[in-house]
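First come two forms of one protein chain, each written alone as structure tokens, so that there is a structure 1 and a structure 2.
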Structure 1
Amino acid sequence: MPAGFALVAGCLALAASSASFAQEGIETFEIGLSTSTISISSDFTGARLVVFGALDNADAKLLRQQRYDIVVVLVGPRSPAVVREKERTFGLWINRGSETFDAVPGSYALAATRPLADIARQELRQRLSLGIADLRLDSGATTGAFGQPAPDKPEEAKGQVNISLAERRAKAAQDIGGTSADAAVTVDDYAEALKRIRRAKGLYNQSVGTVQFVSPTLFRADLNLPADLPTGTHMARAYLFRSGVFIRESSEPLFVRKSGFESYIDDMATRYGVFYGMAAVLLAIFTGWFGRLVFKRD
């Protein structure tokens, strides 16, 4: 019974690894948000989100040596996007090439204890979709909610994420009709452009040194949210690293919605488009007539 044997061996290995963790102490890691809902009202000009977190059972020696690193991100709702590139054609700048990404975060804010390159290797950052440079814009087939790979899944499943991504890239290359290497460069160009534009608008931002330990077990992260923060369900996620190794993550949803009058207007426009349009026309006619009445100059 080789299969049964393998299963038992697996259990033993698991037991052994948790035993070794117990010796070092299993870090437990939880975060909480300063607010669970952000209401966008008429005077909204951006906000700062404070994420608090507790790190328990950490190795005191490693903690003193600052070998623990924490990265906190807030990923906005993902939606498809098309990136187009203009090329000069007969003297005019015309949209020629385009690339579609199927799950682009509407916003992305990151805070970290140290520069990301010092915290984790690039393969790891890519796998976790961590940092603007390695942020994934497509949803893989086996990714969890919000396009993030589910970190609890066994290593095998994570391997599949990468394979499916590679396959997608290869397929994209075939669609374009170029070689795989050419297409990879093209895809990167468009992805780079998207990130550059969103960064310039403040929709994507990342800062270093903005995660700080308040006490040996308590840390706080400050995230900057722009004025045109997209509405919807955002996901705050904290990643814990120990000496460059990814240990675990913790996440909390954040709801961003319009409030008060704005929410009412938005709701009307979405649900009763025609009546909303008619009301807008009537408002315009009334304003025009009223203005005439007030400023009767002839």
Structure 2
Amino acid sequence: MPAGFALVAGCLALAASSASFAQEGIETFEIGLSTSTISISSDFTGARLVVFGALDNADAKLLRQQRYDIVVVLVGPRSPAVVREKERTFGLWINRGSETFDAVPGSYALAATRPLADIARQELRQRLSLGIADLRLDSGATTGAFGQPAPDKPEEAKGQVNISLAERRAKAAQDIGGTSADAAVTVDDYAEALKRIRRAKGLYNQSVGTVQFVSPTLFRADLNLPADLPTGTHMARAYLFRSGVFIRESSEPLFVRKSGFESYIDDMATRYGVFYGMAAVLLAIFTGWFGRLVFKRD
């Protein structure tokens, strides 16, 4: 079956499903993915994911006025990440401090009908964690200057983490004879650095105008996935807005897994770590011995 025909058939099925749940005066919509599983092999260079959906029970006048907006996001599996601040001292790079984030998306791809600033207010974007700039990164333990652990303060409110870190930076700057700029480093600075690094690697990306209505009620979004896409369960979410007001969201999982010989090696290393390590050592010894035989000089 051609891919285009399959997408159209999927959209029609979503429209029928959405209509069965529609309530008078309330918009409903469902989404589907062009594929539910992506297999990564040694020659994987990235992929394109198509997210399609159907909007039901929408106001015809608002549709003609293009007052409906849709934002589609694919969020990769979350894992801890540590961001370190380095400084060149006497020709050497040393860690001045670090920040630990407990749940950072391994990848983040976004597509929207219009610029996010035209779709929703910043407060709403922050609450929904929409866009790279407003993506929430959960912060954990913080270390002070030169990597020294900061004192634990269980009673400290979560919203005061930035202030306490800035105060520790200011004290550290006084202790080492630094400048006032040292006191300006906050959790937000570490978060922005992490986003900037992952955006440069292609792991975080967003585009405008890549969500299009192919009919008055059917839409599709194209998401570009990088070559080093992390494995695990990704979550595709679609957000529906009407005149800047958030209406509802719909989500579907996407499974990314390794395939081929790499998958077999990864599975062996995970299940039989001790035997895998012993086999690796024996293989290294054999390779060295065989290489000596082949390249030895008489």
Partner chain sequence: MNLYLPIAEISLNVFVLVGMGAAVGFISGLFGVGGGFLITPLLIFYNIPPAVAVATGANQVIAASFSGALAHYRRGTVDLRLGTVLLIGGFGGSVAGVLLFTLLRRLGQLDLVVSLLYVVFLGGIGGLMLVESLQSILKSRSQGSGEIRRPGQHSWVHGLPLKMRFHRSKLYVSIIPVLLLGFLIGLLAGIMGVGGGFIAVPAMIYLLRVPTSVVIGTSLFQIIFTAAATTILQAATNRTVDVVLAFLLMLGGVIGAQFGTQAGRKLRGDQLRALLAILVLAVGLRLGYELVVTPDERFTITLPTGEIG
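What you see is a predicted model, and the numbers here were worked out from it, not measured in a lab. Whichever C-alpha set is largest while still superposing within 1.5 Å between the two forms counts as the rigid core. When a residue number appears, read it as a position in the sequence of structure 1, where counting begins at 1.
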Number of the structure representing the form predicted alone:
2
Would you tell me if G273 moves between the two structures by 2 Å or more at its C-alpha, with the rigid core held superposed?
yes
Shift of the Cα of I285 between the two structures with the rigid core overlaid, in Å, rounds to 5.3
